[in-house]
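Read the single chain below, which is given as structure tokens and is the form predicted on its own.
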Amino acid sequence: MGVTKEQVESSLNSKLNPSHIEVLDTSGGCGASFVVEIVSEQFEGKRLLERHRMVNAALEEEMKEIHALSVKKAVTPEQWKKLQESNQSNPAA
């Protein structure tokens, strides 16, 4: 049995304490591929590569069974706020 979306969320919640998290199982339900969007204060002062490494480290056990992990966004709460404001003032047509 593969990793579940809930397992990924649980590990990220407990280790990175995000203010926003979105996990999408892109494997068709077998738990082998996920896309993650995460907002955490722990990313403050970290470069993008460091943030991605933090996400991978938080999922150390799960990564033994996950074949593909795409970190779509790994941002600070301040960056997230700016992204949300920019999306509201610039809605997609």
Partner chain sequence: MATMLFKGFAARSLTTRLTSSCYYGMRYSSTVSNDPDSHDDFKPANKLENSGTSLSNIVEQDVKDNPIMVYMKGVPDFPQCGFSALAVRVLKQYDVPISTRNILEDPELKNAVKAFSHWPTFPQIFIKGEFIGGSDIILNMHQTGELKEKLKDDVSKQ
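Residue numbers count along the first chain shown, from 1. Everything numeric in this text was worked out from a predicted model, so none of it was measured.
Keep in mind that the form predicted together with its partner chain is missing from the display, and what follows is about it.
Engineer: So in the predicted complex, are H20, L24 and I38 all sitting within 4.5 Å of its partner chain, heavy atoms only?
Structural biologist: Per the other structure, none of H20, L24 and I38 touch its partner chain.
Engineer: Closest heavy atom of L48 to its partner chain in the predicted complex, within 4.5 Å or not?
Structural biologist: It does: once its partner chain is placed as it appears in the predicted complex, L48 has a heavy atom within 4.5 Å of it.
Engineer: Is C30 one of the residues lying within 4.5 Å of its partner chain in the predicted complex, judged by heavy atom distances?
Structural biologist: C30 lies outside the contact set for its partner chain.
Engineer: With a 4.5 Å heavy atom cut-off, would you call N13 a contact of its partner chain in the predicted complex?
Structural biologist: The answer is no: N13 has no heavy atom within 4.5 Å of its partner chain.
Engineer: Under a 4.5 Å heavy atom criterion, is K72 part of the interface with its partner chain in the predicted complex?
Structural biologist: Close contact exists here: in the predicted complex, K72 approaches its partner chain to within 4.5 Å, heavy atoms only.
Engineer: Within 4.5 Å of its partner chain in the predicted complex, counting any non-hydrogen atom, which residues from 30-63 show up?
Structural biologist: Heavy-atom contacts to its partner chain in the predicted complex: R47, L48, L49, H52, R53, N56, M63.
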